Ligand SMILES: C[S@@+](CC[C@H](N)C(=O)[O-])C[C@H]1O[C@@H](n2cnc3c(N)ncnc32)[C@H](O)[C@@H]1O
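The chain below stands alone and is given in structure tokens; this is the form predicted on its own.
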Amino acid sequence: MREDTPSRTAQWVAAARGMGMLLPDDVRIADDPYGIAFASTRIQRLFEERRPALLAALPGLKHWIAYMQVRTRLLDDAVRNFVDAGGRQLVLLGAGFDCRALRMPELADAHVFEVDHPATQTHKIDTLERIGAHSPASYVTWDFETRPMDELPEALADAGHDAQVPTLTIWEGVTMYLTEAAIDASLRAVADYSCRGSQLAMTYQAKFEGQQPSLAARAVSFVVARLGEPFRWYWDPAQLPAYLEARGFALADDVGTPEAADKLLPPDLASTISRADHSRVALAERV
């Protein structure tokens, strides 16, 4: 992302979560009433004018909405399960325009820490103030390009994080944009502030030997590269358990978006997510 500009991909993600409202109530599996506030002016105007047919006609939109419904639901369920088990600390690493602290009542008694770049974070705070929404999250401003990740545990502690209490870290829509060195440093920092019983829920792009990404995935990769946020990192799912274990985590679950869509969405909507889509959601536990 550009140094003084909020993340454009974070804007897309928030808009897609918000556009879940275009789906019928009986098939919608995730709600984000704040997402549209971060969308482009054009999309906001179409919503205000109640012209969903024009929105639905935009190329690739149905796939993008369905994909974000599944990704959001998988991570929301990870939050719910963590809270149900007694967890009360959540770190959103590279939070973007995530509004879980606002939209999930399950987090009412939890302490949510949002870590992100100052430009994106400032835009988020300003946008929420404009619409009269007041997030209970604690903001930790972090320039990932210039500040060493091994300083993050101390910064979180200064914001009130207790490293002796289990933490769920959500690392959503970030890993594909990082270098291998940045991923390694990030995982070691998460392990450093996470005691036993903590969890890590992250999304990633998979790399399968001999397989090409789907046309939709290649299109997304091309677009984000043009926006200055190119994909840099892919994991082979077979190698992920050992990679995480070397950094203090045991893989507990790893599911592909298409497979999750088959379980969570009606067939006609699930089919919009290509079987060749290589996006995945992994859950790991601190050991």
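Sequential numbering from 1, following the sequence displayed. On a predicted model such as this, the values are computed, not experimentally measured, just so you know.
Although not depicted, the form predicted in complex with the ligand is the subject of the following passage.
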message: Whether 103, 169 and 254 jointly form a contact site for the ligand in the model of the complex is the question; each needs a heavy atom within 4.5 Å.
response: no
- line: Counting only non-hydrogen atoms, the one stretch of 127 to 135, 89 to 97, 185 to 193, 103 to 111 within 4.5 angstroms of the ligand in the model of the complex is 89 to 97
statement: Assert contact residue (the ligand, in the model of the complex, non-hydrogen atom within 4.5 Å, options 158, 84, 143, 151) equals 143
- line: Of 273, 265, 13, 19, the only residue with a heavy atom within 4.5 Å of the ligand in the model of the complex is 13
- request: Answer with yes or no whether residue 174 is in contact with the ligand in the model of the complex, where contact means some heavy atom within 4.5 Å.
  value: yes
- request: Find out whether any non-hydrogen atom of residue 120 is located within 4.5 angstroms of the ligand in the model of the complex, and reply yes or no.
  value: yes
- prompt: in the model of the complex, does residue 178 have a heavy atom within 4.5 Å of the ligand?
  reply: yes
- prompt: in the model of the complex, which residues of 65 to 83 put a heavy atom within 4.5 Å of the ligand?
  reply: 71
